[in-house]
Each structure stands twice: as structure tokens, then as C-alpha cells.
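We begin with a single chain expressed as C-alpha cells, specifically the form predicted alone.
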């Protein structure tokens, strides 16, 4: 039995996993990649020593990252997924039959290859004819694109090469790349452990987008567990469901959609830094 210890750079706790087997271990131009197998969580994808997903609970993250904006928007047809080389977010977006074009932008092609080999349930949508794979920096892609309805940022933590996806320049480029009803969503770490990062991202988005909000979901295998997602948009209220949920999901539904947003009072306390923990 092999023991894997994860020390997430922003987290005050350390997680450990028992690995029945190491299925893959390698290094790319951008990061270290490892795939291990665990009796409880199944196969686990690890990038630079940080758990990105497990087969057992990945649907909580991918469904919540995707379906809030997809059901808030009236008719999303052109979608860009930035990062998320495992393909889980692409899989969820493609459940929406109205999607005509999906740009899948991943800087590290090796992650896509590993996902195809070890995580076929996540990468199942990558060969869909609506998907156009772009192996490049997502920030550069957004600068060259226009008329997007939805941008979903599915990146690694807000450090290293992923930091370009969490800057005022990126958010400004994202807004320019959208049509007049566009929406952007990105994960923004844990409300338990990374409160200042959450607030920083909200403040940054407010400098660019007229509509900004924050919602959360529990994810057991991410340090801090109470994971946040930040939305920026032009005029659509993400708390409003504008399309019926007619797709197959395991966690997301219309009630989860409405309950996942922070209450107005708690959100105000958070942004005003009135919460001490």
C-alpha cells in the first residue's frame, strides 16, 4: 500500500490517500501528472501534487461549475471551456442540446491524453462534432474570440501558469469576447480556507461586469470543502432559472440552483469583510 500526501498551497490541513496502485506518473512542460487508484474514490487525477478530481465525487464539481450559468442563460449556443483537460466540464455542457459550438481550450495536451486513457467517463464528449479542441493558453484564446454566450474557467489553483486566468486583464478580455448577454463562471477556492481570495475575485469581477455573484457547493476531496464559484455577466441574474432542467444530472437540479447562492445578508458581510475566521 502506497500513501499519497497532498499539501495544497493555500490550505492549513494536509490530506492523505491510500493508493492501491500508481497507474501513471509523468512530467510535462507545465506540470507533474499522476493517476492513482484508491479503494474509496476510484481513480484520482493529481497535478503538481494536488488532487484535481476523483471518480467518486467529480460530478459535484463539474455539474455545479457548468449548470448554474447554463440554466441561467436563455439560449447558450457558443461556449468556451478554459482548462479542464479531464473533459468533465465539456461532458456537462454537451448535455444541453442547444449548444452549437464548444471551444475546449487546454494548455497541456498531455492532460487530455491521460483523461482519454484513464478517465473515459469524463472525456466521453471530446469527440463530439460540436467540440473544437484548442491546445493553447486560455487567456490568449479569449483575446482572439468573440460572440461567446458562456465562458467556463475550469483551471487548476490560482497559482503558477493558471494565474493568467484570474487577472483583471483576463476578465476584461472575457467581457469583450462575449455577446451582450454573456456570462462567465470560474471556481474561486474554499470559503473556509481561502476567504480573502474569494473576496479578491469578487472585487475584481465587479470592476469589469455589471452583474457579479457567488455560489457554493460541498466537495469532500477539496481542502476547505465549502467550494466557491464566482459569476460575472452583463445583465442576466444567475439566481434566476431561465431554462427548465431537462438534462440528466446526479446532483444539480432547480432547487440546488436556488439554494447554492449565499444569502444577500451573508454575502454583504463577506464582501464588507465583517466575517472573522
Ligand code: SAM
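Numbering follows the first chain given and starts at 1. Quick caveat: nothing in here was measured; it's all calculated off a predicted structure.
Heads up, the form predicted together with the named molecule isn't pictured, but that's what we're talking about next.
Q: Heavy atoms, 4.5 Å, the named molecule in the predicted complex: which of 236-244, 208-216, 51-59, 35-43 makes the cut? Say which one.
A: Correct option: 51-59.
Q. Just one of 107, 114, 150, 102 has a heavy atom within 4.5 Å of the named molecule in the predicted complex. Which one?
A. Of the listed residues, the single hit is 107.
Q: Quick one: from 91, 194, 187, 96, grab the residue that has a heavy atom within 4.5 Å of the named molecule in the predicted complex.
A: Residue within 4.5 Å of the partner: 187.
Q) Using heavy atoms and a 4.5 Å limit, would one call residue 165 a contact residue for the named molecule in the predicted complex? A) Although the named molecule is absent here, residue 165 would touch it in the predicted complex, with heavy atoms inside 4.5 Å.
Q.
At 4.5 Å between heavy atoms, is residue 76 in contact with the named molecule in the predicted complex?
A. Residue 76 lies outside the contact set for the named molecule.
Q: Answer yes if any heavy atom of residue 68 is within 4.5 Å of a heavy atom of the named molecule in the predicted complex; otherwise answer no.
A: Outside the cut-off, so no.
(Q) Is it the case that residue 156, even though its partner is missing from this view, gets within 4.5 Å of the named molecule in the predicted complex, heavy atoms only? (A) So residue 156 counts as contacting the named molecule.
**Q.** Stretch 74-106: residues contacting the named molecule in the predicted complex, 4.5 Å heavy atom cut-off
**A.** Result: 82, 83, 84, 85, 86, 105, 106.
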